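The same protein chain appears twice below, in two forms, each given on its own as structure tokens and labelled structure 1 and structure 2.
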Structure 1
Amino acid sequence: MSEEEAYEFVKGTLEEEGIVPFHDDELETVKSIENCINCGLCINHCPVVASVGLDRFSGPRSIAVQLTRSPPEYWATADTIYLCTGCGTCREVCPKNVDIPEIVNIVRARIFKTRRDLVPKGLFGVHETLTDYRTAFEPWDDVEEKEASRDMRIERLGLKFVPDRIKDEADVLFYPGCQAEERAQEVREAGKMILEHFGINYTLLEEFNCCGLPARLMGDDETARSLAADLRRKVKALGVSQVVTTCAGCTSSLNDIARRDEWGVPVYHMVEYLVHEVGLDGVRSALKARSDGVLKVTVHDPCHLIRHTSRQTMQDALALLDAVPGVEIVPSGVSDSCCGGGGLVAYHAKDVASAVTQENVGGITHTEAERVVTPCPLCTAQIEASLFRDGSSIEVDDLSVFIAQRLVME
């Protein structure tokens, strides 16, 4: 058989099985599988395996190994691939740098494109919302009800209302992310309040749209790239020199697409922006002293910051908390474990997501902390819900909200 005949034979087999060949920009990631030495570290450190066992989730190594086999076994990964939270722990501990989280995204994209029947049904609601509204959460039907909910939240939290600012010739685009835009509105309001307090020349988008991360996580690469292109066009039209977000997932996603699509604009999480652009001394001088003793807090590290962006971001978060008068940081021992909310797992396998979260809850409740603080609305919601179900009195705050509450108001 000639080389050309062999190529046509292989191509025909792939077409019969509905497998799309890898793109050039994916080959390096896929080839990293060849470096696997079967050490098992990824399995030993995987939070999903630790929470539900190998019978339910066969682990990161099985994903890599099955990808190198025949087409039928390639599709067999569908039972496993959607239970990965994408935390990135496997990549972090791998001595050969096998990029399992990105391999998961590549496989999901092929399943979504050619074998949509294998995609968990719970994800199609997210897909419909993304395609209909260009955001991950369905917008409120009644704007007045949304504003009433916002006002109730910020009043309860003691935050100051700052009118939306949409303007030309701003230096910074404040991009709160889908969850803060529609659900956790207090995070969006806290972000505006912080930027306003420090005199930052910022703007919001006139028409918000998702960065594309949820679409990419479910495998809908076409929608993900379309959303990213929309966002790039808007950023370029605004002419801003920086993008600031309060969402951990958006931080990692925006950094990736800004680099890939050549935005030429740096992206910061709010904690990075405060530490490196405003400065710790400026933040410290803007925070009011606590009058009712010491508040003990423990910190949760979002996976999208420590493993998909940089661990330095959480060092910045700790530096910010350390600058807050009357706050004592209490280690939980599980600060950098996955909250269970990533990878869209909670949309179709709530028991798996909850089991992963439980490790965090166990570590948190065994501390003397009165509050959990994390720079991620998704982690906040996931941990808060689990603590509530366990009957815990420990409160959970997004870090941007925590900082905004303590700003000295004029």
Structure 2
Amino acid sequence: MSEEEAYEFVKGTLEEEGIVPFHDDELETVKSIENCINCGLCINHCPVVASVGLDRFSGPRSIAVQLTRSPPEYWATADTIYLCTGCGTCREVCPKNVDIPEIVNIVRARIFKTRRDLVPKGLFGVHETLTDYRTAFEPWDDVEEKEASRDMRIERLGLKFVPDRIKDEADVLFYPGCQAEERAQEVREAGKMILEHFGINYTLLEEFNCCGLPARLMGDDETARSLAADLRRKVKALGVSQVVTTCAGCTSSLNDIARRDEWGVPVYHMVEYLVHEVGLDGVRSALKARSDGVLKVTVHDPCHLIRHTSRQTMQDALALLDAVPGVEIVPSGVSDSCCGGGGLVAYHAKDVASAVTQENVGGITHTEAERVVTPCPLCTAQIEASLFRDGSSIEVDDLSVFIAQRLVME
């Protein structure tokens, strides 16, 4: 038997046992779990534990020391493992940097493969959309209707229409992400306006596809990897030297796959791009106040930026807001608390997601802020919905839209 055959044989045996071997690129995460010293510090910080209690969600320590220790029994964790929002708080406080949010995806991938009947039903809608259309939201049937919706949003928000730019030999790929492609089209438009304004040689994808994050979060590893591979091919073919996105989830996910699949191209969030590539002085001189008086603004830090990319990104976001005339930033004290929108939890356990939101909403409504600004269209939607349910009149803006609205137009 050749080595290759032997490997296949063993894999076959494992398959009968319901065991899916780890990919090479998963081993680092798997090893990090072995470093857990069972100290329990993570439990005190997990927003899901704080919102629904340890009995409903046994928490990150139990993920590290119990739920991930027995490959044949991964299926038995399905009622718990799908409740993690992937916020990354536990990894941030953990003295041993145990990578809980990643191991959660790895376990979900095993359940998805071997016991799909145990995957929460609420996730299959997204799954179907992803496999049918290669984006997380169903595309519009009618392109004209999509454009009408876009134009309405642009007009309401006072943005300017910039035609799509799809060209060869661009320096930068602008990747708006699924939410901005299909739903929050104003964010895509704002991103184009900003790049255009600063004279960036950018392009959009001719044919957009999802980065694979939602697939990875539900455990559909195959779809996630195939979407990532598609995207890599497109980025390589374009030959761009940078990728810029306006979405926090895409920032961390693109950075993950770009590192794993060796894109050799840096991926930035728009806030980082503006502060470090365009330069804060240039940005400052391009901005004007939108109306008289001072607008009191509080920020929300997307988990995917602060905990899955770098805490520095919000420093950049604050620097940008500070550069906008007529804006006063008021701290909420909860800016880095999870909005409940992560990990696809809201798709199948709405009660958990909205319990997690409580701290966030409570903190925001206790400030004098008239506006929440956050550099992510998904967080924007999530917080908007939570504040609305709470009866609050505070509005929420995506940061790219907020900036685009205040560009000095010639």
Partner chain sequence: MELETDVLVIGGGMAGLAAACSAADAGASVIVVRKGHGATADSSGAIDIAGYLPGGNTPFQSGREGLRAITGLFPYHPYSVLGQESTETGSQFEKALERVEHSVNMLKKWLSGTPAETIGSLERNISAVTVLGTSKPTSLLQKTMLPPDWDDDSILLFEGFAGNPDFNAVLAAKTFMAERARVGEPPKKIADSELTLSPFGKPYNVSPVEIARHLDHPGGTAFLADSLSKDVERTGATHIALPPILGLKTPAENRRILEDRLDVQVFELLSFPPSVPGLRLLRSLDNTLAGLDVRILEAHEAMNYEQSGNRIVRVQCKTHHRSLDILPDSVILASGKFIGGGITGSENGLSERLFGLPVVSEDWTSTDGIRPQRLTRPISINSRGHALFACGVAVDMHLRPLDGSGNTFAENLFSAGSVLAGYNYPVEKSGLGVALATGVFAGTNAAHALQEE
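From a predicted model like this one, the values you see are computed outputs, not experimental measurements. Numbers given to residues start at 1 and step along the sequence of structure 1. The term rigid core refers to the maximal set of C-alpha atoms that superpose within 1.5 Å between the two forms.
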Report task. When you get a sec, tell me if the form predicted on its own is 1 or 2. Result -> 1
Requested in this report: Once the core is aligned, please say if the CA of residue 289 is shifted by at least 2 angstroms between the two structures.
Outcome: yes
